[in-house]
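Have a look below at one chain only, the form predicted alone, in structure tokens format.
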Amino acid sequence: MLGLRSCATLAEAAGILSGDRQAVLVGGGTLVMRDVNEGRLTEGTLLRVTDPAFRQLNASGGRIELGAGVTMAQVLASRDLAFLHPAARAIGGPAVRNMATIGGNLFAETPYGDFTVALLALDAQVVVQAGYGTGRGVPLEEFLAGRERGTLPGLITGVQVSRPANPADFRFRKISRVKPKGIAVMSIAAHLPAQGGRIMQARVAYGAMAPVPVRARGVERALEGKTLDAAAIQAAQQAALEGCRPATDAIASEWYRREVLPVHLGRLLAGEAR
């Protein structure tokens, strides 16, 4: 039987989660409550956090801090987070965005999790609190690798990400069959800062092209130190499938995802409108 418990602080919730493997945190409930309603989650304790820090948003500086309970609607309401609006807008319709949280999106199974793809391209860190100790930063890529292995570090209390120096250097694209709120065939995010017209420290990430969002390291290598011209885009497209492990599901086949990824990557890099 499922129980429900409220936690006044993040430390209290982290302590419960560390000692009870059947405890599950409920943020917006768009993922957990679906499992409850469909009978996949029938035992344990549902935890609700009332700590204001869980939903705090600090986006005024160069280093942005987002509580795990911040919703997609809150992101869209913040002018300071305009560079993340395309990724937040990709999450369902208005009713879903009013409930769906950043922390919940980190756990969304493929082909969901579009916002996490954007965070991965921005080299985000997740803030983790284990037990009653203090929080620590973990690279998002490391967290996702642990999630795929089934080893999670503790309670995710928030996300930290650096603001792009030039918002135009960050690009996001979601490909779906049903617009505007369909499930992703794939999603692509790229942060392409440039110095002297040449790309430096490129980061490109995919969603729905592996069991968890992944970096496109072959694409990053192809773009590094290059001007973003037709030759560089072609080289990136040739490297687009490196490290990909797409699945066949009700949305698209593995073959289709592999076929269209280079096309959509090229369009994103060229700055074409969707």
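Please read all numbers here as calculations on a predicted model, not as lab measurements. For every residue, the number given is its place in the sequence shown, counted from 1.
Just so you know, the form predicted in complex with a small molecule exists too; it's not on screen, but the next bit is about it.
This chain lacks the partner; the member of I156, A190, L120, L84 within 4.5 angstroms of the small molecule in the model of the complex by a non-hydrogen atom is I156. Note on the partner interface in the model of the complex: the residue among A124, L144, I199, A90 having a heavy atom within 4.5 angstroms of the small molecule is A90. Residue contact with the small molecule in the model of the complex: L25 places a heavy atom within 4.5 Å of it.
Looking at M186, you'd find every heavy atom of it more than 4.5 angstroms from the small molecule in the model of the complex. In the model of the complex, none of the heavy atoms of G135 sits within 4.5 Å of a heavy atom of the small molecule. Remark: A108 counts among the residues lining the small molecule in the model of the complex, judged by a heavy atom distance of 4.5 Å or less. If you check the small molecule in the model of the complex, you find no heavy atom from any of R177, G243 and L268 within 4.5 Å. In summary, the region of this chain contacting the small molecule in the model of the complex, judged by heavy atoms within 4.5 Å and restricted to 99 to 107, 75 to 83, 161 to 169, 199 to 207, corresponds to 99 to 107.
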